[in-house]
Every structure is written in C-alpha cells, then in structure tokens.
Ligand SMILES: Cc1cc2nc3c(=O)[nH]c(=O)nc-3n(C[C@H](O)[C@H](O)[C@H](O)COP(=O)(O)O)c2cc1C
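Shown below, as structure tokens, is a lone chain in the form predicted on its own; questions about how it binds or moves come after it.
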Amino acid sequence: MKKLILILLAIILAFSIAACGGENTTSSEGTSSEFPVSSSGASEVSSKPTEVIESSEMLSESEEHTEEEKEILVAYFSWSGNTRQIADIIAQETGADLFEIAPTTPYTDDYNALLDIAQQEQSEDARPELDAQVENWDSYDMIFVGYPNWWSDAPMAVYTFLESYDFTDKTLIPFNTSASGGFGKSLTGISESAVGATILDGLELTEGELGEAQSLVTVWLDGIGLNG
C-alpha cells in the first residue's frame, strides 16, 4: 500500500515538473517577440534608398534644365538708329540682353564727313577703342551682332568688338541695315574676326523694309529656330 502511494506521488511530481517546463518555454517565446521585424518596418527601411535615388534623379533633371537654358546677347552698332530699331525687336522677341557697340570717340553727326571717316578707317584697317565692355561674357551662348553697311563692310568698331572676346563654342547671328548693299563683304570679315564662332544665316534689311521690320524679324527668327 505504501509502495502504491509512493508510485502515485512520483507520477504526480513528474507531471508537475513537465508543466513547469512548458510554462518556461512559452515565456521565452514571449520575450523574443518584444522586438518584432514587422512587414511595415521592413518597408520603411527599404524605402529610404528609394527616396535618395528619386532625389538624385530630380537634381540631375534640374541640372540638365539649367544647362539647356541659353543666354542671348544682342550687340549692335547704330549711327542713324535703323540698326538699333532691329536690335530692339530681336531683344523683345528672344528675351535677350542689349549691348551697344560704341566708340570712345563718337562719330560725327555730319553724314558727308562720316563717309570720309569710315573710308579712312577701312583703308587703315583701324580698330577704334570702345567705350564699354560686355559684362559676364562667358554666360552668353548666342550673340546677335548688328551693324549698318559702310562702304560695303561693317564699321571698324564692330571688328573691335568681335576681336575683344572669345567666340569659341558660341553662336553668332549677324543682322544688317543698308540703303541697298546688304552685308556686302562683311560676312567674310566677321568670320575671320569671331574665331571659333558658329555663324547662322543673318538678316539684311533695306531702309524701305524697315516699316515691316517686326514681321520680317519674326519670320527670320522662326526660320532659324528662335521664335521666342
């Protein structure tokens, strides 16, 4: 009888030990679950590299947009005001900056005397000193250069301007006003003086066409891909 009681006690004790062991195992699993790696947590971690890539792409696109923007300058020499009129229209159509090519010593207002001065400067291949310089030259990608026809050529002050700057990798677009002679021989001189420039088709207007200057300039700009 005593042996039977002892056996029963032993069995009860064994079950008690097994139960305690089961409770400890559950507690251990509960402890490890305090720092879960949830699906939402994994998503947040992986999203950070994606955000950096997107920001980099946006920056790259912004830089490309800045590089594509072209700064334009309209430089002109005008004695009577005709060439200035065309320069103003081009600047309005393209949003360009204006620069007047003017000698330090102004030319005379006397037309007949001016003819003699212009002819003498050409014979001497003179380079009159200019009264101003272009600021931030390197920022301009495209330069319109306008002038009247003097003895079938550009005024010598225009050549002073062209030879004062580096035209490498820049685009030069000439325009001209005259009684009838157009560009004359000036395009050859411009090509030789503006070394490194890419020269596009220019515009030449006679005095009789100045009344239609606005429409003529617009059509010309459209033709060379600069329609404002």
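In this text, all values refer to a predicted model and were calculated from it rather than measured experimentally. Residues carry their position along the shown sequence, with the first being 1.
This protein has a second form, the form predicted in complex with the ligand, left out of what is shown; the following refers to that one.
Visitor: So, Thr83, Leu115 and Pro148: all three within 4.5 Å of the ligand in the predicted bound form by heavy atoms, or not?
Guide: Contact check passed for all of Thr83, Leu115 and Pro148.
Visitor: If contact means a heavy atom within 4.5 Å, which one of 123 to 131, 87 to 95, 137 to 145, 107 to 115 is the stretch that engages the ligand in the predicted bound form?
Guide: Correct option: 107 to 115.
Visitor: Can Ala179 be called a contact residue for the ligand in the predicted bound form at 4.5 Å between heavy atoms?
Guide: Yes, contact at 4.5 Å.
Visitor: Do Glu209 and the ligand come within 4.5 Å of each other in the predicted bound form, heavy atoms counted?
Guide: Judged by the heavy-atom cut-off of 4.5 Å, Glu209 is well away from the ligand in the predicted bound form.
Visitor: Check Phe99 for me: does it contact the ligand in the predicted bound form (non-hydrogen atoms, 4.5 angstroms)?
Guide: Phe99 lies outside the contact set for the ligand.
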